[in-house]
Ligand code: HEM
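Taking the form predicted alone, here's one chain by itself in structure tokens.
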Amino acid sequence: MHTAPHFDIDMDALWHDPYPQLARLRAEAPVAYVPQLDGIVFTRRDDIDIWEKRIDIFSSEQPGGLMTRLMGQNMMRHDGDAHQSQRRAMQPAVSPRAVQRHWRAAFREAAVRVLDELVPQGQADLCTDYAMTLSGEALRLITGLDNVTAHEMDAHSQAMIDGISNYAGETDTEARCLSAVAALDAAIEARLDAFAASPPDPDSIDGVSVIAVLQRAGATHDQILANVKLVISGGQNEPRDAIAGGAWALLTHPDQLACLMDGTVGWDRAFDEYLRWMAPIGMSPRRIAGSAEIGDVKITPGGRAFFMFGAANRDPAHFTDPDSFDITRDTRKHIAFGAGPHFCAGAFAARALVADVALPMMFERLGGLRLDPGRPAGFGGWAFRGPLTVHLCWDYDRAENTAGKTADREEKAR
């Protein structure tokens, strides 16, 4: 039971552009029951920051939830000690130390390979030809799944996130998700067998992969399957969409791009502002496990709630002119990675991939980079939001010259 006001939303419009309806919710009914989602929706940044931490009221454990039912119960669907123990087991694979010692350099090598293939083409769909491929290659490394291609990684990830946000209950969407889960489970099990037969050096690339780290920590078979799939479902789409969407945002704001290229502003600022402005993971669901009074709204156990990160990150109480993209703003209040105990474990790796490698290397290598004026970009989604297509062109001769300079610098660094 609850006393939250009812607020109807247009689900089709929400998918195409969620921000107008989210702004209305935030202004008129910041804690509201949305019948189209059959849940309580939170849209103000401060409410989410407070109540996401109250796992006694809003629990991540959702035995009947889509993620648990389709992908298995991973650490994101546990609270308290059960969550923390699994998070600690994975930590060596995604810690700042692992990023510094292993992943940043490995991501850079992968980006060089992808860009070497792109340079002569002079044009590409950034989403599929660079962002998707590089994110997939990074995930192959960090998970240890060298038996899954980058394109398979993306397809499986997309099928899973479509499945876990399938609140309309479309049977084809669920079937695609279950097929992806089965394929990934088989690939993970093959790598577990290989690592068991020949344990990798704990300080090698394979040895710090998620699969090897969890196996070495004594995680159960089901925990390994569920948590590796969790890493894939978030670790592919969020960096992919931040790379492609961030590049589009910068190309449509050339003055801000100029500040990055001349070093006035760091690439990490562009990364954080894009995540604030268009959060790739737009919401997080919870099971209502306890009673609470939030303003004049009373909530009792039963049903579900949705913390709308996409709305919180455009809350005018914390961000001036929140609908604008501005890499010079203070983004410290954004909660694109979450706000409580479930703060994204892969945040350091995602920052390294996007801000340290993918965006600066792309703009450096592809001289004269510009949007294709005849093929406008498209965006979609609300639970998970990102670009669908971003068509780019560049000047081959300028790209080749820049590539040579990059190669020289990398050789000197080695």
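When you see a residue number, it is the position in the sequence shown, counting from 1. Computed from a prediction, not measured in an experiment: that's the story for all the values here.
Same protein, other form: the form predicted in complex with this ligand, not shown, and the subject of what follows.
Looking at A345, L366, V31, A352 here, can you tell me which has any non-hydrogen atom within 4.5 angstroms of this ligand in the predicted complex?
Partner contact (heavy atom, 4.5 Å) among the options: A345.
Could you tell me which one of A311, I224, L275, I161 places a heavy atom within 4.5 Å of this ligand in the predicted complex?
Checking each option against this ligand in the predicted complex, the one that comes within 4.5 Å is L275.
Tell me which of 189-197, 324-332, 261-269, 83-91 has residues with heavy atoms within 4.5 angstroms of this ligand in the predicted complex?
Flagged stretch: 83-91.
Give a yes/no on whether A244 approaches this ligand to within 4.5 Å in the predicted complex, heavy atoms considered.
The answer is no: A244 has no heavy atom within 4.5 Å of this ligand.
Within a 4.5 Å heavy atom cut-off, is H156 in contact with this ligand in the predicted complex?
Answer no; every heavy atom of H156 is more than 4.5 Å from this ligand in the predicted complex.
I'd like to know whether F306 contacts this ligand in the predicted complex, with contact meaning heavy atoms within 4.5 angstroms.
No - in the predicted complex, heavy atoms of F306 and this ligand never come within 4.5 Å of each other.
Residue-level question: is Q215 within 4.5 Å of this ligand in the predicted complex, judged on heavy atoms?
Outside the cut-off, so no.
Is this ligand close enough to P18, L22 and V41 in the predicted complex that each of the three has a heavy atom within 4.5 Å of it?
No.
Enumerate the residues of 273-290 that have a non-hydrogen atom within 4.5 Å of this ligand in the predicted complex, in sequence order, or give none.
L275, P280, I281, S284, R286, in sequence order.
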